[in-house]
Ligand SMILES: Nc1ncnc2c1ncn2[C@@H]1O[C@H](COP(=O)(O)OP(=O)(O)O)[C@@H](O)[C@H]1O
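Below sits a lone chain in structure tokens, taken as the form predicted alone.
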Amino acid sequence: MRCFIGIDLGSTTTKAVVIGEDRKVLGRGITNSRSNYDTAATVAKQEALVSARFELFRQALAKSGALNGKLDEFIGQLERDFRLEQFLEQLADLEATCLRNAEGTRFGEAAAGVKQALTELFRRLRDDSPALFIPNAKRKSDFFRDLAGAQYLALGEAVAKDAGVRYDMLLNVFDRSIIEVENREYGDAISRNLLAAMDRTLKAMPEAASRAEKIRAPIQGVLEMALEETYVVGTGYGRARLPFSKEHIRSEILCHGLGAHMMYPRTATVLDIGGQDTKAIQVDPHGIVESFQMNDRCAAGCGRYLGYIADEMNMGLHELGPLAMKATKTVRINSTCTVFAGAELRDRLSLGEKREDIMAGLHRAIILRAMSILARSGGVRDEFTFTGGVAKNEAAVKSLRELVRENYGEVTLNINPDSIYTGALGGATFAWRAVLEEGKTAEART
């Protein structure tokens, strides 16, 4: 099966999208961007190809009729079980790496105690792992580093105390080891873990287990199907570091414009607020960029700014939007400069302003900055599509709706739940065009 892949290497996350010959999305993948950009690109692509397998599982099982109305439940459980298998695989790797890094003279006489503590800590981590992947489990992140790190920190202090070793020794081992583990590829384990996940799922769903052979056959057929990486296009903030030839690289402006057009064909204006920059793009009816503007060199008003604010508030990034939505007024924020944001935030708090009101003001300040960039690009035209990670922030969306209405009247505002993949979708579409419209055959390997 021929597949066309777009990879968007952002400053914070790396995204990948796989589309088929019909230009429909088969799969999406995301991972945290690393100093090792080659690995980030490879992992995101692997995630997208795994996602494509699940979509093909769904199609094959639907055609077989083997699940009698339980298809969505089965696919959901299968994906959770697969994520658990992948997590346990990386956890075992992390344990072995930690134990290896605890050897030698680094900790002197405490080395044996550190290794004993690590063995107990990882036993508890394994025991707690299934709870991370139950239905409706609340996870602050889906990235292995974040999940494993949160568990490690939560359990490590008590384990260190029981083992009679210093807690900072366990932290030191983790910090050294996690970089090694997260920069390794686990592509060879995917098929094995999918089969193990299928066994878990069948045990968890007795009604499916009674039709096990009718279920296994379509899944095995999909696993045996080759997903041909026909053409790959890379884009994004770190595109210069992608291991592709120049022929396989497109600017993020072109990819975001085309990706937004693929999501919403009537798109005329695109606003993308990512981790490092803000882009305002005007496109024609075919998704071709007519004009654009970007923020200047600093990351003021972007995702990194929100991340800094979250750190200052000792909150998770995902908590900022919901907190701002509780505001009863909007505190005026004068600066969206990351350097001065902390000082102004502390100043507002010392004056007795409520945190939620300050957050509302911060979100409005970010969108005001974006509005000035939009104005320089040509304004807001109907339809208007908002993309990027910040598009998932409900307070930012609320401020954007209000300011667009105030300045441009009623305009259709499109926000797709998968908008973070817009650039990668544009890249995949360029890959499709390269082969099916331009007749190119060269591959880009990651």
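Rigid core here is just the name for the largest C-alpha set that superposes within 1.5 Å across the two forms. Since the model is a prediction, treat every value here as computed from it, not as a measurement. All residue numbers are counted from 1 along the displayed sequence.
Quick note: we don't show the form predicted together with the ligand, though the next part is all about it.
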Should V289 be counted as a contact of the ligand in the model of the complex, where contact means heavy atoms within 4.5 Å?
no
Would G257 count as a contact of the ligand in the model of the complex, using a 4.5 angstroms cut-off between non-hydrogen atoms?
no
So in the model of the complex, is the ligand close enough to R145 to count as touching (4.5 Å, heavy atoms)?
no
Is R355 near the ligand? Define near as a heavy atom within 4.5 Å, in the model of the complex.
no
Here the chain appears without its partner; judged in the model of the complex, the stretch of 311-319, 215-223, 324-332, 257-265 with heavy atoms within 4.5 Å of the ligand is 311-319
Please identify the residue among V233, L306, M359, A280 with any heavy atom within 4.5 Å of the ligand in the model of the complex.
L306
Exactly one of K70, R381, R401, K392 has a non-hydrogen atom within 4.5 Å of the ligand in the model of the complex; which residue is it?
K392
Members of 263-281 lying within 4.5 angstroms of the ligand, judged by heavy atom, in the model of the complex
I273, G274, G275, Q276
State yes or no: after fitting on the rigid core, is the Cα displacement of D168 between the shown form and the other one at least 2 Å?
yes
